[in-house]
Each structure stands twice: as C-alpha cells, then as structure tokens.
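The chain below stands alone and is given as structure tokens, in the form predicted on its own.
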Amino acid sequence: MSMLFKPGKIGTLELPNRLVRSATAERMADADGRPLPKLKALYQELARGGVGLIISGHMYVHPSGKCHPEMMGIYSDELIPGLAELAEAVHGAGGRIAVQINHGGMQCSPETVKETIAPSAIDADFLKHPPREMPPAEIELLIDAFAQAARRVKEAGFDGVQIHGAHGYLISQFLSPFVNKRSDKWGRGLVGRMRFLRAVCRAVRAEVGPDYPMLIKLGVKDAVDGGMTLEEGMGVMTALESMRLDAVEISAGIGGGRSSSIRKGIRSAADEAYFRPWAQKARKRTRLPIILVGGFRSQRVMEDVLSYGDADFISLCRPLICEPDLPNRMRTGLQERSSCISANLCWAEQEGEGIACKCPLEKLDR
C-alpha cells in the first residue's frame, strides 16, 4: 500500500490516510460568523473526496480578532448549533474535521474591526493601521477566548482543534521580535515571547481535557527583517511537547504585506514541498507528528517526504480547491498529480463569491 494511504494517528484521533486539507479561508459565513449552507456542501465534498482530515478555515475567537469579512466565528455559544451541523455533515459523509481557531491581531481588516491590537504598538509599511499595545488584562481575556473557543469546538462535535500560530496573526505576533517588544513577562526574549502561546495551550487543554486532539499551525520563520529567525522557530518547536500538543503543522510567520506561505507557479517536482528543509530541522527537535504543507502537487513527492520520515502527514490547500476528489483519484490510480497550476486565483474577490478555482485549467479527462 502507498504510504500516503496508510492509516495514521494524531493523539487519540485515528485517520484513514496521511492527507490533510490545510485550513483555508473559505469566506462562506454570514456577518455574525455563522457558516452558510455552501460551506457545509464544500466540506461534504472534501469528505467524500477522500481526504483523511479536514481542517476548517480559521474561526475568530473574539470579535476583536475578525480578520476579514465572511470569516467564520466561534466567539459565542450561540454559534454552536450551526457549527454542530458542519461537524455532522462531515461525519455523515464519512470524514473527520478539526477546527482552526485564530485571532488576527494587527492583521485584522478595517472592514471588520474598529481598531487593531498587537503585543506592541508598532508601525510598518504593510500595516493599514498601526495597532495599539494590548494591556495585560486584555492578554488574559484573549487567552480565555481561545480556551472557550476550543470548548465550543469540542461541544459542537468536531474531532479536534488547531491553534493558529502562523502567518503573522496574533500568536505569531507574540512570538516575533518584530512585533513583540514588550518588557514585561509577555516579552523579553524567546522564553517571554512564547509565554502567550504556552498560556493559550494550557487554557485550551484545561477546557477540552487530556485526550482531545490539539494541534498547532506554527510559523517557524518570519519574512521581515528583525523577525523570528528559523533557529528561534526551532526553539519554539522544541517546546511544543511540553505544551501538551498532539501535532504540529509547519508553515511561515509574518510575511510583511505578502504571503510567505503561498508560492505561485509550481510546475515541477523541484518546486514542491518548499518547507521540507524546515521539517527536516523540526524532526530533530520534536517527537510530535509533523504535518507538512507547502506546494505539494504530485503523489511521488508526497510519498518521498513520508518515506524519508521528514513528515507524518501531507497538507494540501490549493489542490483541493481545484480538485476536492484528488485523494480518491490518487488512491485509485486515476491521477498522480494535481491539475492545480498555482496561479493563486482561488481567493474570493467580492462578497458572496467564496473560494473557488478560477484558473484556466485544461482538466484531466474524467
């Protein structure tokens, strides 16, 4: 059997294969963050398409952390019934789903928040509005917001929770010396900068219990001068087991106004798995299962990463927007490579559109 389609485990969660749908901002929620029917249909299609684990698009844990319009919310118990319908829809289609919880911090859109917040009041060319510095009481409030969001994830019947600690959002901001210039216990060196993440993980674990799968998406390196270095990121990686996490998905941190986690124009195997060197370093720092994202398109490269032990799971985003049934097609030998051409035209350009493949593809014969 192909390594890609061997069963795997993340904590107590048993998965039928090693393919993970990486969290993707679907933009399929109403103004209050409630998921729309088309999101349920999308998740059902992914589940039927054979992916081992769906990780939802990021959900905001507090109104101050809503990153963009049409983002899903998990900041109130009133949202649980609608979220439970999502979980039931995936389970009914034979799938498994975890929820990614997030706070945008300084990267929230002016369309969704009146002011942005961050560990420190900084300014940068890529920021639309300089954030204000968070007082200690607000830090504690948001730690609890993450914890209560995780409780709602479990109560709604999802299979696990993923904490978003990448892509320059709030946890990523606390980890980064580019943003976190605090002189109190929440800053002052890597140990202090990790304190917010440690507190979030501790609070989440207290709410969901010892056996509920808790994952993290971690940005291990910033793409801005003065940001978190790869060596510091590996320092965070070393500490994750002590935070009682069950798996880590490796990605990038602060991008400085551009995405450092998504690359265009992936045309060959050499372009794929662009975070693999980071995973190889991480493998020496942690015993946690590693989920690797970053430009995977061909089954051969995915299996090579798994066979060398550089990662335990392969995470996909754009290929599953293009072809939700790609896992089944690979498993049955109908297709070896995604049709995705990495033009980055998936993202919604106007309200009500949602993510969709808009590339000029020459689809493979079905």
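Heads up: residue numbers just count along the shown sequence, starting at 1. Remember, predicted model here, so these are calculated numbers, not experimental data.
Below, we refer to the form predicted together with a small molecule, which is not included among the displayed structures.
A.B. asks: Using a 4.5 Å heavy atom cut-off, state whether V208 contacts the small molecule in the model of the complex.
C.D. replies: So V208 does not count as contacting the small molecule.
A.B. asks: L230: heavy atom within 4.5 Å of the small molecule in the model of the complex?
C.D. replies: Residue-level check for L230: no, no contact with the small molecule.
A.B. asks: Residue-level question: is L15 within 4.5 Å of the small molecule in the model of the complex, judged on heavy atoms?
C.D. replies: Heavy-atom contact with the small molecule at 4.5 Å: absent for L15.
A.B. asks: Residue-level contact is defined here as any heavy atom of the residue lying within 4.5 Å of the small molecule in the model of the complex; does G105 satisfy this criterion?
C.D. replies: No, no contact at 4.5 Å.
A.B. asks: Answer with one of G95, P131, G295, G160: the residue that has a non-hydrogen atom within 4.5 Å of the small molecule in the model of the complex.
C.D. replies: Selected option: G295.
A.B. asks: Among 315-323, 329-337, 28-36, 42-50, which stretch has residues whose heavy atoms lie within 4.5 Å of the small molecule in the model of the complex?
C.D. replies: Of the stretches listed, the one contacting the partner is 315-323.
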